[in-house]
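Next up is one chain by itself, shown in structure tokens, the form predicted on its own.
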Amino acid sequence: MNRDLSSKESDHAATLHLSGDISNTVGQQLVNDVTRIASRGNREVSIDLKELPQLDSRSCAWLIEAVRAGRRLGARVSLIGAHGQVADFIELMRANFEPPPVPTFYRDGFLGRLGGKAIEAWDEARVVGNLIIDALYWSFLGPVGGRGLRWKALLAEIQEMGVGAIGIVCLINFLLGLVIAMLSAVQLRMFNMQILVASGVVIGFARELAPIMTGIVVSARTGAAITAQLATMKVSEEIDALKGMGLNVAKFLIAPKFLSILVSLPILTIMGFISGVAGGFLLGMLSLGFTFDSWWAQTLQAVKLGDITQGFVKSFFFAMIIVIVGCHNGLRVSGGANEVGRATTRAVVMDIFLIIVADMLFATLFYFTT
């Protein structure tokens, strides 16, 4: 290695010239020279590579070490004169010669955090919107256009989501009917109007209790299962495998679930309504002393077709909430088993929250329109 250590005190610069291969001895000498020059106050050190015939990984490692040695002492070490293979190799390793980025520390205020949350919410809403469009297309327009539908998968999902949930839905609504009848009877007894318990139970279950309780039970049962299944497939890269085979994920996985819950939840809501009314009727017969005829007559007098229609319409929207939230949280998972658990928990919480919000909006709408 030939070196020229001539420096000008006015500009604090120095240049080192390299020729021949950079062996370990030459590389160590280069690092020592850069360190000595930088320690003497030179802030600009140039390494001239014009006469360097070639560069390999070992030689490049010594150049990187020389650049970093000068940087540690406050000098800027630059490589000049590189050409041909040497220039190409240095360009390939350019990131190793650059100084590390200086982290920017700033105080994240309330508005900054609020803006970040708003951006995240908008991005997630955009993804959910695309998912809804895909689900609607492959559930309704695709089959009509001859793109097919997985009927066996649809029937299997109906069996799992609908038939498998009948027992727990009917039991929960039956017990809730008992509770509502008990609470109503205590209050109405003071006015000697216990017969109105039948009216309160049937109207409450027709409008609110049957659809919302059935939706919550199905979200905890089916919504969690949808999220866990898709999240596990995402983590195990089965989703990527389906895409690699040219299969549409929305058609193959989401459409059967979407259609099955649209069919199952309204029917389960009707069963829940019947079970809740039966629970109130049982209390009226055993505890309040009413006959079947008097209770049945009061029930038919109180309930209107519009009350049942309200609950039926709500169940369709609750079904869409459950399946979209479950699929969205399952498909957005990245990581391992812990992320699957978090996604499942998030899906159930979101389901219950959105069902209650949707029920509030429907209650407001029906309040001002009926």
Partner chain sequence: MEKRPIIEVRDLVAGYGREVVLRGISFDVYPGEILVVLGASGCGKSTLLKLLVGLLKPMSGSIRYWGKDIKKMDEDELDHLLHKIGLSFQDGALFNSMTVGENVALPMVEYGNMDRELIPILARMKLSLVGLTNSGYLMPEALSGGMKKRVGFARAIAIDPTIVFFDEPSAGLDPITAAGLDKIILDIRRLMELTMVVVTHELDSIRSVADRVIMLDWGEIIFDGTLAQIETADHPRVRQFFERIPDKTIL
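Please read all numbers here as calculations on a predicted model, not as lab measurements. Each form is matched to the other, and the largest set of C-alpha atoms that superpose within 1.5 Å is called the rigid core. Positions refer to the first chain, counted from 1.
Missing here is the form predicted in complex with its partner chain; even so, the following discussion is about that form.
Considering its partner chain in the predicted bound form, the lone stretch of 314-322, 39-47, 329-337, 297-305 in range is 329-337 [heavy atom distance within 4.5 Å]. Exactly one listed residue, out of V127, M93, A278, L149, brings a non-hydrogen atom to within 4.5 Å of its partner chain in the predicted bound form: M93. When you look in the predicted bound form, the only residue of G246, G167, P101, G289 with a non-hydrogen atom within 4.5 Å of its partner chain is P101. Of the heavy atoms in Q85, some are within 4.5 Å of its partner chain in the predicted bound form. Mapping the unseen interface onto this chain, V26 falls outside it, with no heavy atom inside 4.5 Å of its partner chain in the predicted bound form. Using a 4.5 Å cutoff between non-hydrogen atoms, L30 does not count as a contact of its partner chain in the predicted bound form. Put simply, F140 is far from its partner chain in the predicted bound form: not one heavy atom of it is within 4.5 Å. Taken together, the three residues A225, Q229 and T232 lack any non-hydrogen atom within 4.5 angstroms of its partner chain in the predicted bound form. Along 150-183, a non-hydrogen atom within 4.5 Å of its partner chain in the predicted bound form is carried by no residue at all. The Cα shift for L63 between the shown form and the other one, taken after rigid core superposition, is 2 angstroms or larger. Once you line up the core between the shown form and the other one, the Cα of N96 ends up 2 Å or more from where it was. G306: CA moves less than 2 Å between the shown form and the other one after rigid-core fitting.
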